[in-house]
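Quick heads-up: it's one chain on its own, the form predicted on its own, in C-alpha cells.
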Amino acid sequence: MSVDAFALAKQRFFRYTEKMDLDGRYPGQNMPEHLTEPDRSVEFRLSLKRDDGSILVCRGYRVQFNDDRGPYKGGIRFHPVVDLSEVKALAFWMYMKTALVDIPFGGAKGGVTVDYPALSLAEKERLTKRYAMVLVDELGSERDIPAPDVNTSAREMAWIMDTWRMIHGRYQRGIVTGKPIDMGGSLGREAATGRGVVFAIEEAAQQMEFALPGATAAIQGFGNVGSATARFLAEAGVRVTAVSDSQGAIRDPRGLDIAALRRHASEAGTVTGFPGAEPFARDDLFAEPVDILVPAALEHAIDADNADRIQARLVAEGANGPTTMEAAHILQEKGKVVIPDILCNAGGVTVSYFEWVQNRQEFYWTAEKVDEELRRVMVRASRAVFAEAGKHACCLREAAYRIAIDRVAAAASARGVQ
C-alpha cells in the first residue's frame, strides 16, 4: 500500500487512549504497548508452479495480533497490494472488533501479494494449499481460525481445511469458518457482513430518528459485502441509487433494481454496462446526494480530498479502515454520523463465531436462528456504542474503541501480561 496502514491504525488507537489513562489504571503493565504490538507476524515466500511450467514467486503473511480474549481469528485476502503493514492493521482491527461485539476471539489476518483473479482454477488451488501448508502448525480451532476476505471464499476455506486434514489425519471442522455448507459451514455466513451492516444502519437510523423506507443510499464496492448490503437495504425499503466497483460506477435516481444488478454483476464481472443505468466517474460516488453512504471496498477510500464532498448524513463503514483520520475529522466537523468499521462490518466475524460454535457441538442452526442471533449481537453492540458516545460526548468511533480497549485490557490484566 502507498501508506503505512498499521502506523495509522496505531495513531488512531493512541489518540483515543490518551483520555482513558491505561497506564494509571494498569500501573507498570505498559498496557498501550501490549495492545498495539502483534503477538506474532509471519512473512514468507510462496512459490507457485504455473500451468505453463513457469514459477511465480510472491509474499505470504499471517499476523496473530492478540489472543487475550480467545483464539486468533481473521480472514485471508489474496490481492496485488497486500503488504505486512496492511495485514497488521487488519489483524489489529479484528481483535478490536471481536472485543466490541463481545465474542470470545482475538484478532489475526493473512494475505498473499498476488493477482489472484488472473490465476487459473488449478493455480488458485495450488497457491491456497501451499499457503495452508506453510502455516499448518499455526492454524487450529483453538489457536488461529481463518475465514474468507478479499478474493477468497468458501472454496478457499475448503482447500485449507482439506490441507489441514491431510497433514494431521483427522477432521477439525472449526479449523476455518466461511466453509461450504456441506463441510460444516453455517447458513447465513456468506451474506453475514452485509446483513450486519444493515442491522447497524437500522439501529443508527432509529437513534437519528429518520425512517429507512424511502431513504436513498450509495454503495462503493459491489463485492460480497457491497452487493449483500444493497440487497438488504432494498428489502428494507431504501432506494439504492448509485453503486461502484473497480471498473466504474452507475446510478439511477429512481433506484437501481438490485436483484437484476446482482445478476448482471455476476455474469459480467462488473456493475458497468447495467441496462438503464447512467455511467459516471467512480470518484464522484462519494458526492452523490443520498442519505446513506456505504464504503465497502478497500482501506482509505474516504480521505481528505473527498470527505468534504460527502453529502450523506450517515456513513456506514462496510469495509475495514475506509476512512483516514483526516477524513474522519472533516466528517465530524460537518456533523456526519459515521458507524465505525469495527462495529458496522462485524456481522461476518459474528456469524463465523456462530459457525465455530456449531462445529464444536456438531449441531447446526437454521438460517432464521442465525439471523436472529446476529441481529441480537449487532443491536446490543450498536446501542452500547451510542450510549458510550453520549456518556463521553464523543464520536461513535471513539466510543467503539473505548469499549473494545476496556474489554481487552481487562482480560490482559487478569491473565497477567508476561
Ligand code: NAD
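As the structure is a prediction and not an experimental result, all values here were calculated from the model. The first residue of the sequence shown is number 1, and the count goes up from there.
Omitted from view is the form predicted together with the named molecule, to which the following refers.
Only one listed stretch (180 to 188, 203 to 211, 317 to 325, 330 to 338) carries heavy atoms within 4.5 Å of the named molecule in the model of the complex, and that stretch is 317 to 325.
For the options R251, K88, R77, K124, the residue carrying a heavy atom within 4.5 angstroms of the named molecule in the model of the complex is R77. In terms of contact with the named molecule in the model of the complex, the residue from R231, R165, R282, R239 that brings a heavy atom within 4.5 Å is R282. Proximity of T98 to the named molecule in the model of the complex falls outside the 4.5 Å heavy atom cutoff. Interface membership of L298, defined by any non-hydrogen atom within 4.5 Å of the named molecule in the model of the complex, is confirmed. In the model of the complex, no heavy atom of Q311 sits within 4.5 Å of the named molecule. Looking at V150, you'd find a heavy atom of it within 4.5 angstroms of the named molecule in the model of the complex. With contact defined as any non-hydrogen atom lying within 4.5 angstroms of the named molecule in the model of the complex, the contacting residues in 235 to 272 are S244, D245, S246, given in sequence order.
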